[in-house]
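Coming up is one lone chain in structure tokens, specifically the form predicted on its own.
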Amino acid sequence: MKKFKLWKEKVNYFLVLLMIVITIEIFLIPFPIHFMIRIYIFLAPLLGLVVNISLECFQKKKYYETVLETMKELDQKYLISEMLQTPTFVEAQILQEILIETGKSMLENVNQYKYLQEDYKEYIELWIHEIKTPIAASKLVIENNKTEATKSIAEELEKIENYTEQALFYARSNTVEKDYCIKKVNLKEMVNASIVKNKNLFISEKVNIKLENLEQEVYTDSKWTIFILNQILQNSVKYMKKDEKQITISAKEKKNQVVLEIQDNGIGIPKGEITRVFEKGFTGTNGRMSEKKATGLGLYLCKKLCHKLGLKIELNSELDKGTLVRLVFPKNSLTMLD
């Protein structure tokens, strides 16, 4: 903050005082007053005001520079009122009181919306758990009454179950740290669990699954990782070609990492869209043209959950040749992946 700006605000005071001093000098003309006294009467008030303004500008400049520096260093700007010392001049004291009251009001609003969000999240989780019961019951009825019609209904129920699971993990995605446990798990067991989960999809779509070198130990949360694998595999199947459908799942070791690769021979992704596939709601050309409507949430959730779990997810694709998704796991609990 420049002193010049502060001085500009005080120009009016200086001009008013100058007019008053000149008026006094005019009124004193008829009186036999010594020349030096006249000069003193003229200069003393003006010099006094200049000194006063200079001290005030110095004080304010120092204070507001401190405020601006503190603001730059703060990640959470709304805490500025808590970080400042009590100022010595009235204007800043009033400003600080306003900031404190504004901060309190903002926190009250944030807490209110946080409560509403938590309440809504709890409702969604409860609803999802409740809806699982009629889905399971419907599957049991279909299992005991197998026909071509019930087979189609079973496939649709499978989709409903996948979407409800996606909704549940989406609702929990902002609070993953409260619901996961990082420990040593077997990579092959997680992959097999995901394959079993999607076996009906693979059978109906006639997808060949090839597994290679999966006997690896990694550190992650198995429940959340299996969900990530489900999203990747379901995406692969959704954008398969009509013939020779194959997904190859393999792993390889690096220095402190294990890289899981999921390669399909599907329709691939246009080059210009690869960098956007992890964006929320992005469906791309394939998603808009596909008969199987895309939500644009699957890969977005994968990216978000990988970040929370300390994993890396990468995607490479070539149009008409397929897509490769890599999940990078730490080999020990102390390794952090950027």
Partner chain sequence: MAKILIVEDDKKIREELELFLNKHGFEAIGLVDFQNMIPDILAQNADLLLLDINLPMVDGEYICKEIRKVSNIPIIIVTSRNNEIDELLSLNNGADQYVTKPYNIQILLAKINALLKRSQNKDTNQNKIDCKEFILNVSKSMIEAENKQIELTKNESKILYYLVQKRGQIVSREEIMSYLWDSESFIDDNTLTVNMKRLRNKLQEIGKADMIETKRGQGYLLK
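Keep in mind the model is a prediction, meaning the values are calculated, not measured. Numbering follows the first chain given and starts at 1.
There is another form of the same protein, the form predicted together with the partner chain; it is not shown, and what comes next is about it.
Proximity of residue 86 to the partner chain in the predicted bound form, heavy atoms at 4.5 Å: The answer is no: residue 86 has no heavy atom within 4.5 Å of the partner chain.
Partner proximity in the predicted bound form: residue 76 to the partner chain, non-hydrogen atom cutoff 4.5 Å: Judged by the heavy-atom cut-off of 4.5 Å, residue 76 is well away from the partner chain in the predicted bound form.
Contact label in the predicted bound form: residue 140 to the partner chain, heavy atom within 4.5 Å: Yes, contact at 4.5 Å.
4.5 Å heavy atom contact, residue 170 to the partner chain in the predicted bound form: Result no; residue 170 lies far from the partner chain in the predicted bound form.
Candidate from 102, 186, 200, 111 lying within 4.5 Å of the partner chain in the predicted bound form - any heavy atom: Spelling it out, the residue with a heavy atom inside the cut-off is 200.
The partner chain: the contacting residue among 159, 254, 241, 151 in the predicted bound form [heavy atom, 4.5 Å]: If I apply the 4.5 Å criterion carefully, the residue I get is 151.
Every residue of 264, 303 and 319 near the partner chain in the predicted bound form, heavy atom within 4.5 Å: No: no residue has a heavy atom within 4.5 Å of the partner.
Segment assignment from 188-196, 102-110, 256-264, 78-86: heavy atom within 4.5 Å of the partner chain in the predicted bound form: Among the candidates, contact is made by 188-196.
Residues in 127-142 close to the partner chain in the predicted bound form, defined by a heavy atom within 4.5 Å, in order: 129, 132, 133, 135, 136, 137, 139, 140, 141, in sequence order.
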